[in-house]
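Only one chain is included here, represented as structure tokens and corresponding to the form predicted on its own.
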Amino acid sequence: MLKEVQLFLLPDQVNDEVLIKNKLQKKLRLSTSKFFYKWKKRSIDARQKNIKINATFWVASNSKDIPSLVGFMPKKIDAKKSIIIIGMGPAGIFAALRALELGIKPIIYERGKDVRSRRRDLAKINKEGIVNPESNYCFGEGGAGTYSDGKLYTRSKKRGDVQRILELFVHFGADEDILVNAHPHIGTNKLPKIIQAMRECIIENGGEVHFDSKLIDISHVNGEISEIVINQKKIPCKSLILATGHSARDIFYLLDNKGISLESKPFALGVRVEHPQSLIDKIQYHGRLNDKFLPPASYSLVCQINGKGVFSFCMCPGGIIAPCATDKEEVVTNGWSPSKRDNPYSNSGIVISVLPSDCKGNIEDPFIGLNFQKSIENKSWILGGKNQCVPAQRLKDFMEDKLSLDFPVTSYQPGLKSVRMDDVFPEFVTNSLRKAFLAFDKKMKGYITNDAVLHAPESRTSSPIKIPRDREFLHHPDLKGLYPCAEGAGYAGGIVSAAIDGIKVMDAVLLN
């Protein structure tokens, strides 16, 4: 037999194997305790003061009937088949792994550095405010997700096999808890080793990985891609997976200069708010603090203001706010958490949906949203003192339109500069944020407090530009052989959805 059984547990019962087995035996009315069980899913229900754990288990009389992990199984490479992949974020990595499963040689070109070498550049931007345009929180092995948290939660369950993505992460070293937790998370401290293991596997099975290798040109003949230039080297190319991420703006300009069509698309813009984690725990857990059986509390907030969505994004309990600029003369924020989520701060993006029609300029210009995004990031750099100091304002001061006179201790290393958010953003953004914070405070009493600080801007939630692709064959409608992929092309939003899209595009390459 194999059955799926749901139980409701108290937080302190989750690790009590004897109690769980007794509950399963009682619920299934089994006459014997000789059975096997395995966690399937686990989530916290903190809606009531009596907090519960929703627990789902696989139960079987034979251990062989319990579902097991499917490992990574590459095929022998066909020497005549290869695929060039630009970018080694989750889309590029999983496209390469899929290529190996199909017996195709993946050749990855990544403009940034390997995970270990990236650390020095991250230290420079944090401690000295020095931005390396080719190696930063967004560019390099593993992409933006490597050093910005490793959250694996996604709503993109209809796009592909989410479970398969999670199982591959476990195969390469992630904890099996990510298969069980409702909001799986690896942690910035653990993800680099997993990414390195994936790279080593790609190379061991015949693939190639090239760092410090930037795509600078694409040539095409009669509507088909023919050649690319990496650094200064010309490389023949018939099929190219473009998995460059939403911050590789030079790729958009390159495609536009080559007459390859682009489209503007909605994106989101706002602030990253930081609260004391103890406050979020108190609100979410009905006053319970320092409960060793409960993880640092998170939240997910959304409301409609004047027909526009305002929502929390990339919420990081026990996390840190990081400087994520990818070029000079700009300030960008993002958040991350270590695996234990044990920092004293909680942070989240709070962003508003921005349409191309909200931006100044020609509505037909595919760069209209990108130009608006850049203008906010540049203004933040100027207001912050022309370094990586972030424009900041206490939350209650923002609600009352007061300049903050001082700040509590923050996780943002480069420092804060007291600025009115109304001087950073246009009125439609700040008005929406104020109304949204009032709505959020009704859902989470005490959310509006001067112990919370707004950091500006949170501007890289998604790409403001879409690289179109054919719905059936997934290549660019103007250029056969060019396969736009994942976040940078406007088809994903996060590690898992990007990985799914990488696999999906690789499968399309095989069919074409």
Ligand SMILES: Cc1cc2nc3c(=O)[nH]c(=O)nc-3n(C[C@H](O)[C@H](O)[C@H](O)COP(=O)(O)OP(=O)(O)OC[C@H]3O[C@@H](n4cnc5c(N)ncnc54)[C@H](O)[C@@H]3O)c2cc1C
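Each residue number is its position in the shown sequence, starting from 1. The model shown is predicted, which means the values in this text are computed figures rather than measured ones.
Note that the form predicted together with the named molecule isn't included here; everything after this is about it.
Novice: Between 198, 83, 251, 429, only one gets a heavy atom within 4.5 angstroms of the named molecule in the model of the complex; which residue is that?
Specialist: Here the answer is residue option 251.
Novice: Pick from 139, 169, 267, 437: which has a non-hydrogen atom within 4.5 Å of the named molecule in the model of the complex?
Specialist: Exactly one listed residue reaches within 4.5 Å, namely 139.
Novice: Based on heavy atom distances of at most 4.5 Å to the named molecule in the model of the complex, which listed stretch, 410-418, 124-132, 209-217, 278-286, is the contact stretch?
Specialist: Stretch 209-217 is the one.
Novice: Classify residue 334 as contacting or not contacting the named molecule in the model of the complex by the rule of any non-hydrogen atom within 4.5 angstroms, answering yes or no.
Specialist: Residue 334: contacts the named molecule in the model of the complex.
Novice: Even though the named molecule is not shown here, does residue 314 get within 4.5 Å of it in the model of the complex, heavy atoms only?
Specialist: Answer yes; at least one heavy atom of residue 314 falls within 4.5 Å of the named molecule in the model of the complex.
Novice: Answer with yes or no whether residue 319 is in contact with the named molecule in the model of the complex, where contact means some heavy atom within 4.5 Å.
Specialist: Because no heavy atom of residue 319 falls inside 4.5 Å of the named molecule in the model of the complex, the answer is no.
Novice: Whether residue 274 contacts the named molecule in the model of the complex should be assessed with a 4.5 Å heavy atom distance threshold; does it?
Specialist: Residue-level check for residue 274: no, no contact with the named molecule.
Novice: Looking at the named molecule in the model of the complex, which residues in 82-96 have at least one heavy atom within 4.5 Å of it?
Specialist: Those in contact are 86, 87, 88, 89, 90, 91, 92.
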